[in-house]
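What follows is one chain in structure tokens, specifically the form predicted alone.
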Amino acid sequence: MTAVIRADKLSKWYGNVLGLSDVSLEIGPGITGLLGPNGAGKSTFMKLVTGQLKPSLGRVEIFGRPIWNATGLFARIGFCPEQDAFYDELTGGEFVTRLLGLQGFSRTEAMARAEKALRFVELFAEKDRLLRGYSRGMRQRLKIAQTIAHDPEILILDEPLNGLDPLSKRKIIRLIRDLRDAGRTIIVSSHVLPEIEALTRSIVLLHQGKILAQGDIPYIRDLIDKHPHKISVKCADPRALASGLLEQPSVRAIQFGPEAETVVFETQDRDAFFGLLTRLIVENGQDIEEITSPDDNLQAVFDYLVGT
């Protein structure tokens, strides 16, 4: 892998508050998922990579050059912030065009680039609508449009799927994949593992400003599978279901949930458990309403790795 972004012992603190601590990693072309709960250091890392913050210690390089005060590199980076920062009295087209003007493009070139970016995110038909009338999904797509309009080689997307409905998420996931296929280097942050799974297999887990784990999705899934899983089943007769699985070696513990129709199983072997559960449902004709895994998520990985 050719490193496009390289962090070396990167640290940042705000007074007595530690934002990032001794982070070293290399990121190449494609999509890298930056995962962690709120306060893990994801946004701090992204602002250091984009040159918005100066490191307290260490350095971060883009294309082999330190990014801090390297104004010549800024045009090669596109940043999509987590928070909205729109001028609601502007239209979508005006917003992107004016930002391109700040990049130094002529009015004609800015309008042409804005049109191309808005078409890419499927917002061209809404270009003349005031931003105050944009939905959350439209605003997220507009942020991506302004991120890519100046044709940067590196894209930094901070929680681009946060708060979106399923349809809007699918649209943005498709857009990000298309940008990957166009050869961009992309960092996407999230606190939801399945969202990142839909985008990439390469992830970095941050916790309290430090790298907790780094690797592909199967590696992270292995970390999850090494600790007991809780499987919650909502059904018509939870006690009958529990008695049918009580003596099975794959079931470590059983407890009834706060809802009358819910039973929670703890298992070390999910595959074996689900095989038994499926067979029991078929044989006994159990009326199953819902099966969920409350700890099959990123938080479970962190809880396991930090020993909580």
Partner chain sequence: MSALARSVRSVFSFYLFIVRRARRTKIFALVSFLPALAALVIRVNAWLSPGAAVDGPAVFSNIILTFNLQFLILVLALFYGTSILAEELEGKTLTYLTTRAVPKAAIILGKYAAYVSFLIVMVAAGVTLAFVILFADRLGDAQAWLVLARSAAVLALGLLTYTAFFTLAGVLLKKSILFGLMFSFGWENIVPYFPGATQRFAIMHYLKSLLPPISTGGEGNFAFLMFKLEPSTPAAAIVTLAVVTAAALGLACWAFARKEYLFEE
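Computed from a predicted model, the values in this text were never measured in an experiment. Positions refer to the first chain, counted from 1.
The next section is about a form of this same protein that is not shown, the form predicted together with its partner chain.
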When you measure heavy atoms, are 170, 255 and 271 every one within 4.5 angstroms of its partner chain in the model of the complex?
no
Interface membership of residue 190, its partner chain in the model of the complex, 4.5 Å heavy atom rule:
no
My question is simply whether residue 243 lines the interface with its partner chain in the model of the complex - judged by any non-hydrogen atom within 4.5 Å.
no
Is there a non-hydrogen atom of residue 53 within 4.5 angstroms of a non-hydrogen atom of its partner chain in the model of the complex?
yes
With a 4.5 Å heavy atom cut-off, would you call residue 125 a contact of its partner chain in the model of the complex?
no
So which of 199-207, 89-97, 234-242, 182-190 is the stretch with heavy atoms within 4.5 Å of its partner chain in the model of the complex?
89-97
Quick one: from 103, 135, 162, 214, grab the residue that has a heavy atom within 4.5 Å of its partner chain in the model of the complex.
103
Restricting to 155-171, the residues within 4.5 Å of its partner chain in the model of the complex through any heavy atom are none
